[in-house]
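Below you will find one chain, with nothing else, as structure tokens; this is the form predicted alone, and questions on how it binds or moves follow later.
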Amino acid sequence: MQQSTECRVIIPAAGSGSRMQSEVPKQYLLLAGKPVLQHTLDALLQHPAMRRVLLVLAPDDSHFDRFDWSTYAKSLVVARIGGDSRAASVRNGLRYLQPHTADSDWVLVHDAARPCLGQAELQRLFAELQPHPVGGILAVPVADTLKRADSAQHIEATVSRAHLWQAQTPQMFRYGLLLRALQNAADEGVTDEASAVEQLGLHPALVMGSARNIKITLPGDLPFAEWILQQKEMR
């Protein structure tokens, strides 16, 4: 039987982003005059396979309604079902989609605060994963020398970067597989969707991403992200 090529999109956006040193969650910080989340939605919805996005918010989110999201009226579904962890939010999102989703449908999960996703990387992810039995993630090989620190924050050892990759999003898996992985995994050991799938003994694919596909994490990331977006507009 031919597998479905339908794609569902989940953006977990229930976190507070404490490392940004801001009272406003990072997905709502202004970037080039618009909230970070709006840039993220725009990047995703440019792809023809993504007609609808499920945004998983914290139940007590008081920031979302301060912005005008009417542009996305036909493509954005908002569910205030976020959990205490990323894994819980994505798992709740998968359960929300369950009545209208087949196990063979693709599910793409993307960070709310990763607004510089390029269309070339997104298209590469789709193209390379369509025939893959497990699914995979965007990632980039680690370029810098890695150091392991001791308890006094001194260098304990230099770590080989051979075969090491830095995980990004989107991460894309079949619905049934991802739901099973997140239901079986312990949340504290799951830092992304791929880590849950790995706990099933499976091996997700690494698809070449881009260093420009940054995640807004620290205050200095905002001006860098704005520069990246300006460069994209100039092309």
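Each residue number is its position in the shown sequence, starting from 1. The structure displayed is predicted, hence computed values, not measured ones.
In what follows, reference is made to the form predicted together with cytidine-5'-monophosphate, a form of this protein that is not presented.
**Q** Please check if Leu117 has a heavy atom lying within 4.5 Å of any heavy atom of cytidine-5'-monophosphate in the predicted bound form.
**A** Taking the distances in the predicted bound form, the answer for Leu117 is no, it never comes within 4.5 Å of cytidine-5'-monophosphate.
**Q** So, in the predicted bound form, is Ser85 in contact with cytidine-5'-monophosphate at a 4.5 angstroms heavy atom limit?
**A** Yes, Ser85 is a contact residue.
**Q** Even though the partner isn't displayed, in the predicted bound form is Ala14 close enough to cytidine-5'-monophosphate, meaning a heavy atom within 4.5 Å?
**A** Yes, Ala14 sits close enough to cytidine-5'-monophosphate in the predicted bound form that at least one of its heavy atoms falls within 4.5 Å.
**Q** Is it the case that Lys215, even though its partner is missing from this view, gets within 4.5 Å of cytidine-5'-monophosphate in the predicted bound form, heavy atoms only?
**A** Within the cut-off, so yes.
**Q** Using a 4.5 Å heavy atom cut-off, which residue among Ala113, Leu108, Leu122, Ile137 comes into contact with cytidine-5'-monophosphate in the predicted bound form?
**A** None of the others qualify; the residue that does is Ala113.
**Q** Have a look at 60 to 68, 44 to 52, 177 to 185, 25 to 33 and name the one stretch with heavy atoms inside 4.5 Å of cytidine-5'-monophosphate in the predicted bound form.
**A** In the other structure, the partner sits against 25 to 33.
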